[in-house]
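In C-alpha cells, one chain follows: the form predicted alone.
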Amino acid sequence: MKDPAKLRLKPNLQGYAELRKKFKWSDAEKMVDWFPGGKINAGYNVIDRHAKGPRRNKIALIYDDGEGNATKLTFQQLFEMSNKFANVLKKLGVKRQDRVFFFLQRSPELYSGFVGAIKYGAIASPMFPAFGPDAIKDRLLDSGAVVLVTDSVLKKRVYEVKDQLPELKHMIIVGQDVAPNEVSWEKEMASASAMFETVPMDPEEFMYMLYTSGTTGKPKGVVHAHKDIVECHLSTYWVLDVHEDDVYWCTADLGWVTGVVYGVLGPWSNGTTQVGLGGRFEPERWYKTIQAYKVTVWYTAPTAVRMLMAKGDDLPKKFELSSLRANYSVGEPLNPEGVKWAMDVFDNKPFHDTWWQTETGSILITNFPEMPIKPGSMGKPLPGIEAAIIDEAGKVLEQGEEGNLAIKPGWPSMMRQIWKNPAKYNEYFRNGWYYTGDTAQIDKDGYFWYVGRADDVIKTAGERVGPFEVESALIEHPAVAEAGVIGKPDQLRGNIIKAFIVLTPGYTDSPQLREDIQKFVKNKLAGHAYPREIEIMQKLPKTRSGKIVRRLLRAKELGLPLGDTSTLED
C-alpha cells in the first residue's frame, strides 16, 4: 500500500472504476490539437503547439552528453530546429511518406531530426546505435529508406552494406568528416529556414516505424500512424502522471519504442521538461543525473533496476534523490524485489510496472499512481482498453486460469501495418482479439499477472531478440555448422541468450573459439543480441523436416519434461 501522504501531487487519473464505465476515446481526442478537416500531425502536437503558446520559452530538453555537459533547449528552439530539418528534407526532394532513418547516439540532432521528419510527413525510424551492419541492412533494405541520418563514426558500419541498399539516396552526416557524396548536417541546417508549415496529415497516415524481432525470419517493420498521439498523450498524463513543473527522465534509447513514445511523443505532447542522457549505463552517473537535474518522474527498465540493486543500498545514499516523486518500469516483468527495494531506497516511492509492446504503441496495462501496487503484477488496463485471458479458440477464461493475454482491437495507438507483410500482420488478430504473444492470468481484484511468452522470442535486458536472427548470424561463422538458440533465465537480465551449436568438421572447441563466435555475432547484430553461453553438441534435436526444436533445447537446459517427441528425427 502506498502512503497517500507521500504523494506530493494528486494523480491525474482519479476514480478508475467510474472512468472504466464512462470513458470514450473521443474524450481523449479533445486533449490534442487538430487541423481543419479532421487532419492531425503528431509533430505539431509534440513541439509546435507549445512554441506558439505560453510554454514557448519553457525548457523542453535537458541533454547531458554523459560527461556532465548539458545543453538546454526550449520548445521554441526545438520548433526552429525541427523546422530546419523539415526544410532540409524538402531541399533533398524527399516525398511525403518516404522513410527517413536515424542511426545516431542520443543527441539534440536525433530529437530535432526525428520530430522534423514527422512534421514533414515522412515516416521516421530511429535505429539503436549499437546495431551492426547486418541489422542496419535488414531495416534499411526492407523499408526502402531514402534518407539516413548518421554520424562520422557510425557511418563506417553503414558503408559495409551500403552497396546492397539501392533505394538509399542520401546520407546526412552529423560531424566534421563529411565525404563529397554525403550531406553535411551542420552546413544544411545552418542555411535552412527556421520557418516551416507542419503538414496536416490524415490520422491514419504513417508517422514512425520500428523493427521488432519474431520467432522466425528477419525483424518485422511495425508501422504507427499520426493518430497514435492521442493515446501517447493520454497514457503519459494518466500513467506517468506528468504535471506542469515535472522534470521527467525516460532512460530508453530512441531505437526502442519506449524511447520514441515516452522519450519524445507523450511527454512533449504534455509540454513536459525532459532529460536525455548520453553515454553508457553507470549507476553513479544515473544517480548524479537525478540529483543534478532534480528529476521528479523516472521511467526505466527492470534490468537497470536490478543493476542498481546489485550496487547496494549505500550508493544512492551518497546522492540527493528527494526530488523523485514517481518511478516507473517497462520492458519485462519487474520482480517484486525491485518494487520493495525502491520503497526502501527512494523513501516509499515504489516502481510502477507498465505493460505494452512495440505493436500496441503505448501502455495498455499498468500500475496506476492512485492504486495499491501488488508487487510482481502488471496492474490493470487503461480505461478504454478491454483486456482478457483467452484460449486459442477465443474463449475468455476464468479468473486465475492461465492463457493468452489478448486485447480488443481498435485503440488509437495500435500498429497499422507490418511493413510489406499483411499476412504477418493478420496473424496477430484472431477471433476478434489481438493476441499479444504473452501468457498471463487475472486475480480476483482484476490485476493481471504475466506468466511468459507463448513463443520462442527471447526477452533479454528488456529487449526482444528473435532466436532465428541469432541462429542465422551464428551459422555465418565458419566454425558453426548448425545452431539453436533459447532464452535462459538470468537473475540480472531476465534472460540471457544461450546457443547450442554443432561445430564444422575440422574445428575444435576452445574458450578462444567460443569468444570469437560471441564477438562475431555481437558485431553482426548488436551488443545485447549475442549468446552469453555456448554449448557444443554432436547434433541438435530436429523434426523430420529439419526444423530445430528449441522447445527440447529449453527442456534439456532447464530440466523440464520433454513432451511430445513423435515428430522428431530418430
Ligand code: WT7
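Remember, predicted model here, so these are calculated numbers, not experimental data. Note that residue numbering follows the sequence shown and begins at 1.
Just so you know, the form predicted together with the ligand exists too; it's not on screen, but the next bit is about it.
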| item | value |
| --- | --- |
| Options 339-347, 417-425, 325-333, 496-504; stretch whose heavy atom lies within 4.5 Å of the ligand in the predicted bound form | 325-333 |
| Complete contact of Asn45, Val115 and Lys227 with the ligand in the predicted bound form (any heavy atom, 4.5 Å) | no |
| Heavy atom of Thr258 within 4.5 Å of the ligand in the predicted bound form | yes |
| Interface membership of Tyr237, the ligand in the predicted bound form, 4.5 Å heavy atom rule | no |
| Contact test in the predicted bound form: Thr354 vs the ligand, heavy atoms, 4.5 Å | yes |
| Lys459: touches the ligand in the predicted bound form, heavy atom cutoff 4.5 angstroms | yes |
| Single option in Thr296, Thr358, Asn404, Ser107 placed near the ligand in the predicted bound form, where near means a heavy atom within 4.5 Å | Thr358 |
| The single option of Trp185, Phe368, Tyr450, Phe468 touching the ligand in the predicted bound form, heavy atom within 4.5 Å | Tyr450 |
| Members of 377-398 lying within 4.5 angstroms of the ligand, judged by heavy atom, in the predicted bound form | Met378 |
